[in-house]
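Take a look at this single chain, the form predicted on its own, given in structure tokens.
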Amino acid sequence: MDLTLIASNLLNPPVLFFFLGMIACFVGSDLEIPQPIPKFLSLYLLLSIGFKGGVELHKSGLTAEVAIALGAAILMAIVVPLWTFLILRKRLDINNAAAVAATYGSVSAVTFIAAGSFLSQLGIPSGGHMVAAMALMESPAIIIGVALARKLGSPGGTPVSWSHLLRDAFANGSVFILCGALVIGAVTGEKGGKALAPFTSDIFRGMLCLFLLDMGILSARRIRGIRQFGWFPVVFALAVPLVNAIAALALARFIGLGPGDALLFTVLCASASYIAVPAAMRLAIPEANPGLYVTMALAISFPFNIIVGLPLYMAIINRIWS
């Protein structure tokens, strides 16, 4: 792996602010981002990335290449929770296995945003349709995870209300604002992009730094809660992103994605949700332990992806695509 990629990522201000948040927690500092500012930052980032993706989608249009990429994203969103559930079921009860599988089948918008920032720093272009891919990948894993828990969690299985399940999945705040902003960006096009540029572009990286500072604090606090489960969750949270990334890289190469889109697609497949899925799991599978699936995604897989994963995946892309 090219050491300049590692240095470029580690010296990226948002990543450094993530480390600062973790250090603040470890040394016992009272530093924190007061509520409800973290929620506002999350909404801002999703709105900005969705809107900018919609503008780019307006430029490129819905081509056959875009449709194939979106189809590949949906395929991975279905396959990942199924294969991870089979592995998890050997060590965890059904409810926790289903919740963790849904977590790793869905995506992390913040990891995707960090990947976009990484590409910008390297000067590598990407298509706006990958934002649409992110929106499409949020919900299938939630639906599959809940269905697995309901069907296998009790004798005979509990009936699944698919209408309620679909409504809850797509009405989730993060999914809704992302999809809505994507549509608005696609409708307004370049004219809308120029009008909102001071809000969606000029201050974006500063907002991302604040958000990752808060994520660093939260990650450091969460990491202690996983000790009771032994080494399995740690190994799983490090190994699964790599396995999913390898599969995503092979699929991206097969369908002909460019280097920038390939990195974003790989990051989507390798990431784990700690916003949309936990919100859904708390309601749909309350028996599952959030101290397990949230900690695995937020305190282990998320730092691994933004610190090690991004330069590693990019190095592989540079080698294979060239």
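For clarity, every value in this text was computed on a predicted model and none was experimentally measured. One rule holds for the numbers: they count along the sequence shown, beginning at 1.
Just so you know, the form predicted together with a further copy of the same chain exists too; it's not on screen, but the next bit is about it.
Checklist line | Heavy atom within 4.5 Å of a further copy of the same chain in the predicted complex - residue from 210, 136, 249, 143 | finding: In short, 210.
Next item on the list: Could you spot which one of 92, 240, 72, 196 gets a heavy atom to within 4.5 Å of a further copy of the same chain in the predicted complex?
Entry: Result of the distance check: 196.
Note to self: Just checking whether residue 57 would be counted as a contact of a further copy of the same chain in the predicted complex - the rule being heavy atoms within 4.5 angstroms.
What the structure shows: Although a further copy of the same chain is absent here, residue 57 would stay clear of it in the predicted complex, with no heavy atoms inside 4.5 Å.
Note to self: When the contact criterion is heavy atoms within 4.5 Å, does residue 151 count as touching a further copy of the same chain in the predicted complex?
What the structure shows: Heavy-atom contact with a further copy of the same chain at 4.5 Å: absent for residue 151.
Checklist line | residue 88 within 4.5 Å of a further copy of the same chain in the predicted complex, heavy atoms | finding: Flag for residue 88 set to no.
Note to self: Although the partner isn't part of this model, could you tell me whether residue 184 comes within 4.5 Å of a further copy of the same chain in the predicted complex, counting any heavy atom of the residue?
What the structure shows: The answer is yes: residue 184 has a heavy atom within 4.5 Å of a further copy of the same chain.
Next item on the list: Within 4.5 Å of a further copy of the same chain in the predicted complex, counting heavy atoms only, one of 200-208, 99-107, 230-238, 74-82 shows up; tell me which.
Entry: Flagged stretch: 200-208.
Checklist line | Contact set, 92-124 vs a further copy of the same chain in the predicted complex - heavy atom within 4.5 angstroms | finding: Just 121.
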